[in-house]
Ligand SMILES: Nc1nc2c(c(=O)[nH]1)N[C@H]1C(S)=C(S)[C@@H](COP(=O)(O)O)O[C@H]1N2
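As a starting point, one isolated chain is supplied in C-alpha cells, in the form predicted alone.
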Amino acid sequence: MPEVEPGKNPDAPSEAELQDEFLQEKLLGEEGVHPRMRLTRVHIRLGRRFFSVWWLLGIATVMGIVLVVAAKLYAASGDGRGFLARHACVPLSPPVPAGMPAFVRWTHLLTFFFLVIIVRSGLQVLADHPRLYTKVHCTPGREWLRFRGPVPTDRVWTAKEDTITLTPLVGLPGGRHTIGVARHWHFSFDILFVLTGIVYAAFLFSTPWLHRLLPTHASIVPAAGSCTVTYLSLHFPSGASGYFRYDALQQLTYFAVIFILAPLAILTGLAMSPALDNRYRWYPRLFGNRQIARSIHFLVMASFVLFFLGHMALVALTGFAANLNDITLGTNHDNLNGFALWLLVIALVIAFNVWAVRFSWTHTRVLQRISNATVGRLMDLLFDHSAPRVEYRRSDISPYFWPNHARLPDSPEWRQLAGDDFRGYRLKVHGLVENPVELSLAEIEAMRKQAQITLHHCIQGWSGIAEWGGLPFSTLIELVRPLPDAQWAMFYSFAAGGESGGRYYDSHSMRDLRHPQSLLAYEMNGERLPVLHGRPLRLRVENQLGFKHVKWISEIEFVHHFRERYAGQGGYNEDHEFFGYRDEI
C-alpha cells in the first residue's frame, strides 16, 4: 500500500478541484440532515474488516450459555466441589455494623440519579462524532467502533455531516443536533458526581464500613472465583447474608466500580482537554493518547450501565424485597417498603429526565448561563493559567484532518477574492487599538513567521495533528497596540453561520491570544492553507476547542467584552447552538 503524505487524504479531491467545486456553487452535502441512530449501523473493526454488533451480541449469548454449562459441570465435579469447599464465597471479615449506613444509602441514590443524566448526555455528545479510534489521527476507516456507515470518498464529507441523531428516550436532550446543550448537562452533573464521590470517600474512610468494602487479604481472589462459579451455575445465595457482609465477588466488584471505574471516568474525561493535553504531553500518554482516553471513557460508561443491569438482576434474584429494604432503608425486613420507595425514586428520575428534555428547548439560554457561571468558571480556574506549549514531529502529522464547517463562504466579495487568489484580500484590524490597520495577505506573510505542529481538539470529539505556519498573534498585538480597556478580540469570518444564518464569529481573551502558540495561520502542513481549512487566514489558539479557531477571517475587532456584540454569548455557536463561551474540554 503506498504511503500517504502527511495531512492528505488519498481518496479526497484535490485542492484545485475543491476550490473549483466551491466557485461553481456545488453543494458539499445536505445541511442539517442527520440520520437516526440505528443498532444495525453499529460496527466493530476486527483486523481490516467491520462486523455488525449483532454478530457480537450473538457470540456473547452463545458464550454465556457455554459458561453456564461449564460452571455447572465444574461445580458437580470432584475438583469443583473441593475448590468451592476450600474457598468460601463469603469470606470472614472484621465485624462491621449490619446494613447500609445512611451516607451509603444517600450517596448510592444520588450517584444513580447523576449517572443517568451523565450517560444520557454523554451518548448525545458521542453522537456528534459517532466513531471511536485508537490513534489520535481519526482517519476514516481506521475506527475500532462506529455508529454509522463508512465516510463517502467521492465527495467532501464534513464532521458536521457525520453526526447522528438520538431519540430523546436515549440521548439528553435528543431529537436534534445539539452538542452544546448536551455538554451543559454532562459537565454540570459531572461536578455533582465528583462532589458526591468526595463526600462518600470522606465518610467511608472515617467509619468501620470501610472494612466491608476494602479487600484486605489475597484469599479474596480465589473466594471471588468460587462466587463466580456459584453464580454461573445459577445457584444464588439468599439476600440475608448481604445485609451483614458482602461476598468476595461483590466486594471486588464494588471496590472496582468505586475506586477504579469512577476515577477512570474523571481522568479520561480530563484527557480530552486541549488546555491540559497541549500543556502537559505526558497526561494523555497515561492512557496512550487522547483518542484512547476517549474510547476508555466510552467503555467506562458502558461498564457502569452493565454493572447497573447486573446489579439489579442479582438484587432481584437473591431476595428482591429484603435487598431493596437494605439499599433504601438500611433494614433487614422482608416487606415491600423498600420496593415502594424504589419505585418512587425511579418515577422521580424519569420525571426529571422528561422535564430536562423540555427545559433544554424552552429555557436553553438559562441552561447555558447556569453552566457558564458554574462549569465555565471551574474550567477557567483549572485550565486558564497554563499556556499551551506541546509540539509534535513532522512524522506525527495526521494522514487525514477532518474538514468541519456549516457552510463555505459564498458572498460576492468572497467570490471575487477567491477568484483572484486573494491578492485583493485585506485583513481589517480595528476597535480599541491605537493603530488600526488593513493588511494584505502578502504583508502578513512578510512579517514574522512561526511554524508549529500541534494537536487539534474538536468539540465533537475528533482530533488531528497538523503543522501550522503563520503570524504569531503577539506580533499583531505589538503592531496595533490595544488600549488598556481591550480585554477581548472578536474574529469575524467571511462565512455565514449554520442554519440560523448570519455572520460567523467568535471571541478570545487577550490572555489566550498572547500565548506563544496563538497565531493567524496561512499555511497548513508546509503548503498554503486549503480553502476547506480556512484560506486565506484561520486562527489557532491551542488551549481552546476547534470551533474557537475561526476560519476565513475577514476582520478582527478589539473590544472590552464579548457581551457587546451580537447575542453577547461570545460567538456564533455560543449564540445559536448554546456552546460555552470558553470550552477547554
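Note that the structure is predicted; figures quoted are calculated from it, not measured. From 1 onward, residues are counted along the sequence shown.
Heads up, the form predicted in complex with this ligand isn't pictured, but that's what we're talking about next.
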Among 187 to 195, 212 to 220, 450 to 458, 107 to 115, which stretch has residues with heavy atoms no more than 4.5 Å from this ligand in the model of the complex?
-> 450 to 458
State the residue from 405, 120, 508, 183 whose non-hydrogen atoms include one within 4.5 Å of this ligand in the model of the complex.
-> 405
Contacting member of 400, 342, 473, 504, with respect to this ligand in the model of the complex [4.5 Å, heavy atom] = 504
State yes or no: in the model of the complex, is some non-hydrogen atom of residue 547 no more than 4.5 angstroms from a non-hydrogen atom of this ligand?
-> yes
Would residue 520 count as touching this ligand in the model of the complex under a 4.5 Å heavy atom rule?
-> no
Can any non-hydrogen atom of residue 160 be found within 4.5 angstroms of this ligand in the model of the complex?
-> yes
Flag residue 552 as yes or no: does it have a non-hydrogen atom within 4.5 angstroms of any non-hydrogen atom of this ligand in the model of the complex?
-> yes
Relative to this ligand in the model of the complex, which residues of 493 to 508 have a heavy atom no more than 4.5 Å away?
-> 493, 495, 504
